[in-house]
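In the block that follows, a single chain appears as structure tokens, in the form predicted alone.
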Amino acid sequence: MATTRRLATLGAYLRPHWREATLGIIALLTVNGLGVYIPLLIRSAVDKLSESFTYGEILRSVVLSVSLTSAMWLIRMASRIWIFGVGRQVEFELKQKIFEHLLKLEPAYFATNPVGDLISRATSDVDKIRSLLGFAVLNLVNAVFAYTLTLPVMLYLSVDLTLASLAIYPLMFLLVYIFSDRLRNEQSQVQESIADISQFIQEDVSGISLIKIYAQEENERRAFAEKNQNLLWAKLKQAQSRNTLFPLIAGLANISSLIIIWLGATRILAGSLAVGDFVALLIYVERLVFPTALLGFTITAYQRGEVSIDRVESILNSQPKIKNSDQSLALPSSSVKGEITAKNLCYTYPGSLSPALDNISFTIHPGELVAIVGAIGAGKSTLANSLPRLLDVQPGQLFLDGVDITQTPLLDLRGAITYVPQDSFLFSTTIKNNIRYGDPTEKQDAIERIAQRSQIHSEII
């Protein structure tokens, strides 16, 4: 069920790019068709050499083989551009989609989901999906075409030699199957370790002043070293599995060539196999070695992609708790008077047993200057965050000009409120852009007036 769901998700990622994917697949089909024809051409040339030897025929065969091989190279490059291009495009779209979705989620979501982990999902995990839709799809489609086009010709040339050379392949796929769960679990551990490090760095960079004030550099260094060591061991464990699996796959695949050489030489000496057929079979077996060996890498890319799909989709499937109501009524800024009314306002933070706001009622009339004082934890910030719906306030408790704020479009509500948070934050841009962040179209003279009123105009150089 989970695999079916993941495949459906991959299909949804690929659907907008079906044209490019189709062109890439057609190009791979053409490449494999030429790959089947060239050994037959060489077979024919070898058979002719046993009958007559002319430089003209050899030259024609060489020129034709080189031309077809060059065409294969060009078409293969085109297939890689198309298929890898689809992976890159999906990567771009996923990153954009994740970022836009994060903007819709309420602040409480980021309090329960570490920022470092979210960054890891939007970068490292999306990169794994890109690899799955590029590298893995290319190799998988290439392997399918290589086998479906090559095997019939091999069976036509010699059934028993073909079956003997491929008898080792079931063992190869059994080996991959045994390693598959192990690879997936190890990849999950690697990505979780990367997320832990990302979160740790983000927190330490944000709190670097506290680290220095309390002289905790050495403790933080040891803590980071521990997390970094966990990542190292996770990657080494994964590398150990891969370095065990892939040489075994390659070794088993090469046994097929040895079987062909051994049995083919015997048949040639007995006169039951033509030299041209032997050469063609040997080329075909070697031709299957590369896509077969890459199946191990493809399995790894799929294992990575499976984990990453789940991690990315967990973000995209998170629904914002604070959103516009279906019965939202527009609130033009020109009509806002500024009367704020609370009626038995209550709010309890998720996981808390006691309410931060408990049956608060008041009315603030337009033009009034009101100060709300109280001890730390009394609910002052909670009340302030309730007004622009940064918290999920229930309907019927808080009103702006007599209109329930839960029935007001978020854009209209927040556009009518000027909010200065307790903790200041500056974006990595100019002071000008930070001042006019609420209205990027604000003119220079208005920006200067705001700077003067804020008592920072004289500090700006």
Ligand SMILES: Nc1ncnc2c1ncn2[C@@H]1O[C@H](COP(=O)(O)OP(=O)(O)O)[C@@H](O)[C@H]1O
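Everything numeric in this text was worked out from a predicted model, so none of it was measured. Numbering starts at 1 and runs along the sequence shown.
There is another form of the same protein, the form predicted in complex with the ligand; it is not shown, and what comes next is about it.
Enquirer: Select from the listed residues 169, 200, 349, 290 the one whose heavy atoms reach within 4.5 Å of the ligand in the predicted complex.
Expert: It is 349.
Enquirer: Would you kindly say which of 294, 183, 245, 356 lies with a heavy atom within 4.5 Å of the ligand in the predicted complex?
Expert: Looking at the other structure, the residue within range turns out to be 356.
Enquirer: Going by heavy atoms within 4.5 Å, which of 139 to 147, 374 to 382, 252 to 260, 124 to 132 lines up against the ligand in the predicted complex?
Expert: Of the options, only 374 to 382 has residues within 4.5 Å of the partner.
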